[in-house]
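Given next, in structure tokens, is a single chain: the form predicted on its own.
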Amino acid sequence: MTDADRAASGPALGGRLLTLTAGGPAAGGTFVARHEGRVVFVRGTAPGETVTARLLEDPEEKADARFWRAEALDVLEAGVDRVPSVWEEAGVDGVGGAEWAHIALPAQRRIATEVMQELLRRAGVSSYPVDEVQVEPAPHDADGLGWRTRVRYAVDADGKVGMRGWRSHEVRSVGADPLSARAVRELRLGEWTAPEGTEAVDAVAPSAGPASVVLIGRDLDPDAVEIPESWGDADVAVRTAKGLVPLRGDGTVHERVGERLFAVSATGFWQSHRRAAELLSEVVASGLRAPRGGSAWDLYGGVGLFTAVAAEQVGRDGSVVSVEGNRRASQLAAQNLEDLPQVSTATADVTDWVRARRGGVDAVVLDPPRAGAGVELMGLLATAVRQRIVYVSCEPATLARDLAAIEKKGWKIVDLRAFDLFPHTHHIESVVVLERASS
């Protein structure tokens, strides 16, 4: 019995089976096919191949929908980019988050480049040659495996630890979990049963110090948690509706970038790829070029990664402000950079903070969440910044929108680099350098 036969005969059938031929990529990791004139976004295929796919929507209930979504079940004619999957559990009815595990790594970067270029064109970005944008691998990343140092696992009602399926609430086995760093895999969380009340588990493999495990549950009782031997010397904490309760360690992990050590909340934000922080710091430093004795802002500053870059450039006679909405992250930024008198921190909504400023600033680096900075903030920065803006982005669609917005305010892109810091997924990290068009 084929995968298609099993799907058609079992309860997982979400709609009828179609034979589809995949075309180009769409944002979100799927590929565009057509059925009787209707667009179908298909997961689990590759350009140019023909597959049997299962509709996720009931076509009778959504007959007027502009498009349908489907998942490839059987490959009838493979495309040239298909390879054996690096993660079997990410296949049909498997875990989400590795939608390109069956595509050769160089092809993934070519496809991501096509997506990035198309998003920039559609947004109307005009000050930079879009055809020159290319998605680059991280240094020394030969196979795209073992890169993920931060993993959130889901937990079902029976305490099974795994990951949810694509567009599904079902918790599924992660198997060998090959994208995760070795320290995360060695925790063997998939073989462990979580205590009652656990809703998710965060696992972290920091660059300095032991691994970390945080059990997350609104009503989880920290006293009910027994730490298994398989976790070795990992730090352990419980996060409930009342806050974080460390069981072993102090609730932080430590990351080393160059000579500087950063404390990060065990559930806080840090770049996931094991080489990302070092790489992005170097690229930001090259593009920012904050003047000696000048001023800089690090917006969405987190625990101070790029603040440290800006502080080194302006020197002790300059000034750098890190602005971060998360109070704990802002506190840690102040702690991480307490040896730098030119640095101050502010806990605030970034747009509100910039709107309230009087006077300008020489240079700005910003690293917003996936929603992007937004048109209003880009307009404020277009007026406030005297020399240079470096925009770090993890979402090319919102980046393209924001770049088009600031171009209309008289700014131009002088450099744009994109990186494959999420191999075997469709996500892209970018760094853009902006200057005034008249400069």
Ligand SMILES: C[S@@+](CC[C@H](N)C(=O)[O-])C[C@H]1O[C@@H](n2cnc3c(N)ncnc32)[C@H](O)[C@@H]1O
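Each residue number is its position in the shown sequence, starting from 1. This one's a predicted model, so the numbers in the text were calculated from it and none came from an experiment.
Beyond the structure shown, there is the form predicted in complex with this ligand, which is absent from this document and is the topic of what follows.
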Only one of 190-198, 308-316, 355-363, 341-349 gets a heavy atom within 4.5 Å of this ligand in the predicted complex; which is it? 341-349
Note which of 79, 91, 209, 325 lies within 4.5 Å of this ligand in the predicted complex, where distance is taken over heavy atoms; exactly one does. 325
None of 295, 113, 267, 271 but one has a heavy atom within 4.5 Å of this ligand in the predicted complex; the exception is 271
Is residue 300 close enough to this ligand in the predicted complex to count, meaning some heavy atom within 4.5 Å? yes
Hey, in the predicted complex, is residue 368 touching this ligand, heavy atoms inside 4.5 Å? yes
